[in-house]
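A single chain comes next, written as structure tokens; it is the form predicted on its own.
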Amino acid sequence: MSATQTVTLPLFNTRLTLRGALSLLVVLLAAIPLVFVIYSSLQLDSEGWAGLWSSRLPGLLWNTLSLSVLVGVGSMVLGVSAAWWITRREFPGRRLAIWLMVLPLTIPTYVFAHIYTTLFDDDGWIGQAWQWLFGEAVAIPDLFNVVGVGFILTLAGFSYVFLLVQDSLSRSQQNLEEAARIQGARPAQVFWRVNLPLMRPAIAAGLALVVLHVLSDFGAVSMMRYQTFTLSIYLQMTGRFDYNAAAGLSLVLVSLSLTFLILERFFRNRQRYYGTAQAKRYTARRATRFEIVAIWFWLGLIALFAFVLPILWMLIWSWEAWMQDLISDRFWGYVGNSLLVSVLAASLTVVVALPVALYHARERSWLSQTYLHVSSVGFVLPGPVIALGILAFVLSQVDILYGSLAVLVIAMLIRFLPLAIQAQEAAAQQLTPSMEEAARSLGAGTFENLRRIILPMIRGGMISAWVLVFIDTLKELPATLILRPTGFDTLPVRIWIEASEEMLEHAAPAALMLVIGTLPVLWFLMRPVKQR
């Protein structure tokens, strides 16, 4: 059989199995926001597009792209430098340093934005320290511009680059560097000609995550009043009620995200490096006293701004709220709302993702690949775009659901479906098909096979998927803000509202609850690091 035949036949000979039929239904559900955004944008006539181009698009493109570049550069500097020192030197507190570089992932961007705009006030901690150091002659830095927003999003996103580069460096091979040194290369030449090319795929993958988060961020840019596509889409929907213009902006943003992903995948596929299993792995060298001081100065500075100051602020203001008896039944009602929508979304998403994960794990074909890609569309659609697509679908097809909790849960399902599919597919791939075949030969039907063989074997992947979706739903802001039922406020929504009203005592406990609720996801992230 030729290579062409092995690729072509699975597509056209695919039987209409139950898994395939259910996967098709999931794909159709996941594609709803994108289809309706495209449809709504087509209702925008040429004058509407010309109006967007003359008034909004050039400025939004410049703001969004310049912010992405700034955050990408900042995240690369912080993430790569921290990963380099931690993997290449053995020093006291090395494990603590790894945690300090990852803990910023527990803090949502809108919490970062709210805390730092408070800290940089005249009476804020950093504002007062600045005036003590430089006096009133030197103005306190203004965060309400591209540099300030870039600073906030860099602190919130550099951990993605750190995790991927640290993983790459820990698996690098020492013999390549030794060979370069034997050839007379100086340390700087070894870094630029050996280490950096080896790190490039990990850096590219980390930057891709960072830039996608920048493109889809709504909370930080809205709190700092920095006009990007997500904020403009939200304002078009809630202020001007111009859904077609919002759909036009959404289409440009989705095109921008897809173009970036395609370019990133194209260049990363051209940068593959292979090593042998017997090659000597790099062993961290014991740091000198000067290096220990330098390492902890740099890592401590990063940790101070990325985690220590924000968590201290949350603890102190939460204590103030506790002492003033502000943590009332209403607060616990917001906690209950957040838990309710997160539990419903996580449970439903795990169930809906299962057919696609099993179909792709068992019946590899172009069709299963297509299903996988289309069902992952929520990964590149920002929250406001998904909300717009769902809203357009509900208003035109099932308006009885408008304003209900079901609409919000469906939006969360579509947005975080890729997380559940990936986690369950990874578990399903480790399940040998011979076990299912043995069960069938003993007379087990489809559902008995699923209940007694498949589900118990992939239970770990299903739990991982549930936790990941639960955590991301708990922190989600823009779609919740647009689609929540009247009076149904969650913790992110209350943080957004309290922050806009400068109610620090009310915002801090909600932010602290989100950080505590997000800690389990770190356990999943850090497990491979511990095993290494």
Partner chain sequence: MKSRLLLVFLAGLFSLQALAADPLVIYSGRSDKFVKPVVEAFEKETGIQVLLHAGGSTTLLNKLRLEGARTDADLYISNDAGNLQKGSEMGLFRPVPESIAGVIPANFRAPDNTWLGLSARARMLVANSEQSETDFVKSVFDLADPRLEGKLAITHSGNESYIAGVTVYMLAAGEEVTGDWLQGMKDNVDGSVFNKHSKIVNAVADGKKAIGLVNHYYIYRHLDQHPDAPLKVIIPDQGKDGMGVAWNVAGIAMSRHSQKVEAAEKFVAFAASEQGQKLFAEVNREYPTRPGVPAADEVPPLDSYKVADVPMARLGEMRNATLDLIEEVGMP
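Residue numbers count along the first chain shown, from 1. What you are looking at is a predicted structure, and each value in this text was computed from that prediction instead of being measured. For the two forms, the rigid core is made up of the largest set of C-alpha atoms that agree within 1.5 Å on superposition.
What comes next is about the form predicted together with its partner chain, which is not displayed.
- Among P141, G333, G124, G403, the residue placing a heavy atom within 4.5 Å of its partner chain in the predicted complex is G403.
- When you look in the predicted complex, the only residue of L70, I497, I38, L57 with a non-hydrogen atom within 4.5 Å of its partner chain is I497.
- From the list 72-80, 238-246, 306-314, 158-166, the contact stretch for its partner chain in the predicted complex under a 4.5 Å heavy atom rule is 238-246.
- When contacts are judged by a 4.5 Å heavy atom cut-off, Y234 counts as touching its partner chain in the predicted complex.
- With a 4.5 Å cutoff on heavy atoms, S172 does not count as touching its partner chain in the predicted complex; it lies far away.
- Of the heavy atoms in M223, some are within 4.5 Å of its partner chain in the predicted complex.
- Although the partner is absent here, V111 lies well away from its partner chain in the predicted complex, with no heavy atom inside 4.5 Å.
- Once you line up the core between the shown form and the other one, the Cα of F144 stays within less than 2 Å of where it was.
- The rigid-core alignment places the CA of G48 less than 2 Å apart between the shown form and the other one.
- The rigid-core alignment places the CA of V210 less than 2 Å apart between the shown form and the other one.
- Between L103 and V343, the Cα spacing is smaller in the predicted complex than in the shown form, differing by no less than 3 Å.
- An increase of at least 3 Å in the separation of the C-alpha atoms of A245 and S404 is found in the predicted complex, compared with the displayed form.
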